[in-house]
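Take a look at this single chain, the form predicted on its own, given in structure tokens.
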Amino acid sequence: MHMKSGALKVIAHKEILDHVRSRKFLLIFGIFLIISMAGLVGGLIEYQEQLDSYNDRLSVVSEDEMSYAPYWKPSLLTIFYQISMLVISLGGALGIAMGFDLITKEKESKSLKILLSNPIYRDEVINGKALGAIGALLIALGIVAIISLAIMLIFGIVPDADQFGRMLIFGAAAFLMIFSYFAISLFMSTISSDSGNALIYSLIILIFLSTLLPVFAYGPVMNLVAGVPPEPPESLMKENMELVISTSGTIVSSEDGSGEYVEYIDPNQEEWDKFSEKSQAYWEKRQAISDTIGLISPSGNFQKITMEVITSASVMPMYMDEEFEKDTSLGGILSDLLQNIIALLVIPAIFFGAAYVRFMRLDIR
């Protein structure tokens, strides 16, 4: 084993400073911050209005009405829905802006050759650049989080432990999504001859993963993978139509004797049950394929985590049937989202690993 030169910390510190001083980083982050805060304020105002309306309804509704009235209690987490849409678009751009020219600009300026001519190991360079990006990204998201909490306190809203935990999950997912696109752009920077090509390749991947992939996963293209949905046999459809328009059937008197109704008994119920089972199996298979394809997209995983965190935070009065009940605790949410969380960890690891291998073998002349 060789001794490290100690340049890792130096490179990481330099990269952090380079990022926070970069015009492209400051521009995208500035837009991200301004729009996020505007969305947060608007969401808080709407949340307060919804909460007041909810409390007004509870003050006049009776206990009998509460047993069936679908009164949802608004959740503080709903204010992060619009912010999540912003993170998907600007967050991906921020990650790409941080990584697309990290290696190519060094090659273009010939500084990489000079840098590696010093007693510095290549892994220290690539790891230092990644750590610098992580540090700059944590600073940016930390600023957003601090300002967000300050605005909440100004509105007189103090998140409880559960809400704060959900906000941490939201922030962690946002960080992993942005870092995923950074790792992708860093890899493109190692394989591209110049920064322009690296940027184009990175943007193409961003558009594909965030916009085009959902079309493949949930659109008509899925029929090519999962096949067309099963259709009921023509014989059943014909018999069903005949049964509907027929006047035959079993006449059953109503309890009070005031009227009668016709109860139709389908002689082909067993065949209909088989068709229903086949149809259900098809749609479950289709959904499983769609979910698997969706795991490839950092944006899709972030959106899935965000929606689960937000929707599960809403509290419904206890009129729901047991079959609809689910574990909405933080532990239950993390368990349901485990594959999405793992995907958000694996995707940047794969691309950073590929960038690492490529950089270690890079021919610098």
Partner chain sequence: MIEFDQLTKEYNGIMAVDDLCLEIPDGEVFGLLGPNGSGKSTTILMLIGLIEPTEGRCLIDGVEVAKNPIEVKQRIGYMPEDVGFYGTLTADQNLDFFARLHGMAKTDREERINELLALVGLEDVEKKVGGYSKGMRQRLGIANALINDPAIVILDEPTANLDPQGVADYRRIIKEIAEQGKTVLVSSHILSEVSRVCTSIGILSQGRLVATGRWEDLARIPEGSTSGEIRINVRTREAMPEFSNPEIISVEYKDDRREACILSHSDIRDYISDTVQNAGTGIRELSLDRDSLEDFILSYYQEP
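Residue numbers count along the first chain shown, from 1. Keep in mind the model is a prediction, meaning the values are calculated, not measured.
Only in words, not in the display: the form predicted together with its partner chain, which the text now covers.
Asker: State the residue from Ile114, Ile146, Leu168, Leu138 whose non-hydrogen atoms include one within 4.5 Å of its partner chain in the predicted bound form.
Answerer: That would be Ile114.
Asker: Considering non-hydrogen atoms and a 4.5 Å limit, which listed residue (Leu176, Ile120, Ala93, Leu199) is close to its partner chain in the predicted bound form?
Answerer: The option sitting close enough to the partner is Ile120.
Asker: Is Lys24 close enough to its partner chain in the predicted bound form to count, meaning some heavy atom within 4.5 Å?
Answerer: Judged by the heavy-atom cut-off of 4.5 Å, Lys24 is well away from its partner chain in the predicted bound form.
Asker: If we define contact as a non-hydrogen atom of the residue within 4.5 angstroms of the partner, is Ile11 a contact of its partner chain in the predicted bound form?
Answerer: Output for Ile11 is yes: heavy atoms within 4.5 Å of its partner chain.
Asker: My question is simply whether Ser109 lines the interface with its partner chain in the predicted bound form - judged by any non-hydrogen atom within 4.5 Å.
Answerer: Contact check for Ser109: yes, within 4.5 Å of its partner chain in the predicted bound form.
Asker: Want to guess which of 152-160, 285-293, 121-129, 180-188 is within 4.5 Å of its partner chain in the predicted bound form, heavy atoms only?
Answerer: Result of the contact check: 121-129.
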